[in-house]
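What follows is one chain in structure tokens, specifically the form predicted alone.
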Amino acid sequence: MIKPRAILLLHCPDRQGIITDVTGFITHNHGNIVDLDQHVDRIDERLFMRIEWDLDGFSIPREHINEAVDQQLGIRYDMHSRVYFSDEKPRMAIFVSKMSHCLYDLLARYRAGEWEVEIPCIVSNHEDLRYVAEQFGIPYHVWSISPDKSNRAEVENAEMELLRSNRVNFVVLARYMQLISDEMISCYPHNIINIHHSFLPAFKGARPYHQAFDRGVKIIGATSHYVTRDLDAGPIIEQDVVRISHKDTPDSLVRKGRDLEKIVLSRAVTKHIERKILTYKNRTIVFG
């Protein structure tokens, strides 16, 4: 079995000696560094870093590592940092509406053991995909917002209580066709992941792939991003495209688009679970 490791994600104004002091902090406390990746943004003159080390023999108790980083490094370098642990599985809730392609892909990867993650619940505004949740033995909860939005606050309160009671760390919107409230976004900053086609804003509304066919597009794409209060404008985690030709039909565009959505969303979720994403302003630094 792989021994537990600590993962430190940080960013701070760039200056001489930071990497030396960060690695020195770990080695001085008898930690064995197993992975290090760093990037300096020359425009903002800011250092971004991910460093991982074995906890076996580390002299600082794990419950005090965050505090020690703040005291010994954070204050000196005006550093924003967070320590995670490889043996603490994040808990992921999935929100879904009627389309099943992303949900099936997420659950298949989960059951296959690709991710070190727990999925305690699935939330929907429709009953349509309950059978999928039952196939994987995951509780499925349905709340529908009325057309006049009169029960919106009640529904959102119930959803938030479900997330709290299940100790959910992050949420994946697997083609969930409802707006997320500002309250939920503020409770899960940079911890709600969305997926959509990359036609926005050119092809808004219903049947975007049919609109793309009518315009004779040559490339379609998908984008996964963190959700912010600005609709579909949060920090982008992952994107990809696929070529389209005159031989494609609206149906083949839909198939290709949905395949792409699954792949792009799973890549984003993987990076999030592996603690390989740093956000700064409205951008992400995604480590390899």
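Remember, it's a predicted structure, so these values are computed and weren't measured experimentally. Just so we're on the same page, rigid core means the largest C-alpha set that superposes within 1.5 Å between forms. Numbering starts at 1 and runs along the sequence shown.
One more form of this protein exists, namely the form predicted in complex with a further copy of the same chain; it is left out here, but the text below deals with it.
**Student:** Run the contact test on Leu55, Ile75 and Leu162 with a 4.5 Å heavy atom cut-off to a further copy of the same chain in the predicted bound form and return yes or no.
**Tutor:** No, the candidate spot makes no contact with a further copy of the same chain.
**Student:** Out of 170-178, 149-157, 128-136, 79-87, where are the residues with a heavy atom within 4.5 Å of a further copy of the same chain in the predicted bound form?
**Tutor:** Of the options, only 128-136 has residues within 4.5 Å of the partner.
**Student:** Hey, in the predicted bound form, does Ala6 get a heavy atom within 4.5 angstroms of a further copy of the same chain?
**Tutor:** The answer is no: Ala6 has no heavy atom within 4.5 Å of a further copy of the same chain.
**Student:** Check Asp105 for me: does it contact a further copy of the same chain in the predicted bound form (non-hydrogen atoms, 4.5 angstroms)?
**Tutor:** Heavy-atom contact with a further copy of the same chain at 4.5 Å: present for Asp105.
**Student:** Can His64 be called a contact residue for a further copy of the same chain in the predicted bound form at 4.5 Å between heavy atoms?
**Tutor:** So His64 does not count as contacting a further copy of the same chain.
**Student:** Going by a heavy atom distance of 4.5 Å, is Arg46 a contact of a further copy of the same chain in the predicted bound form?
**Tutor:** Taking the distances in the predicted bound form, the answer for Arg46 is no, it never comes within 4.5 Å of a further copy of the same chain.
**Student:** For a quick check, can you give me the residues of 19-35 that have a heavy atom within 4.5 Å of a further copy of the same chain in the predicted bound form?
**Tutor:** Stretch hits, in order: Ile19, Thr20, Thr23, Gly24, Thr27, Gly31, Asn32, Ile33, Val34, Asp35.
**Student:** Taking the rigid core as the reference frame, tell me whether Arg91 has a CA displacement of 2 angstroms or more between this form and the one not shown.
**Tutor:** It does not reach a 2 Å shift.
**Student:** Once both forms sit on the same rigid core, is the C-alpha displacement of His210 at or above 2 Å between this form and the one not shown?
**Tutor:** True for His210: a C-alpha shift of 2 Å or more.
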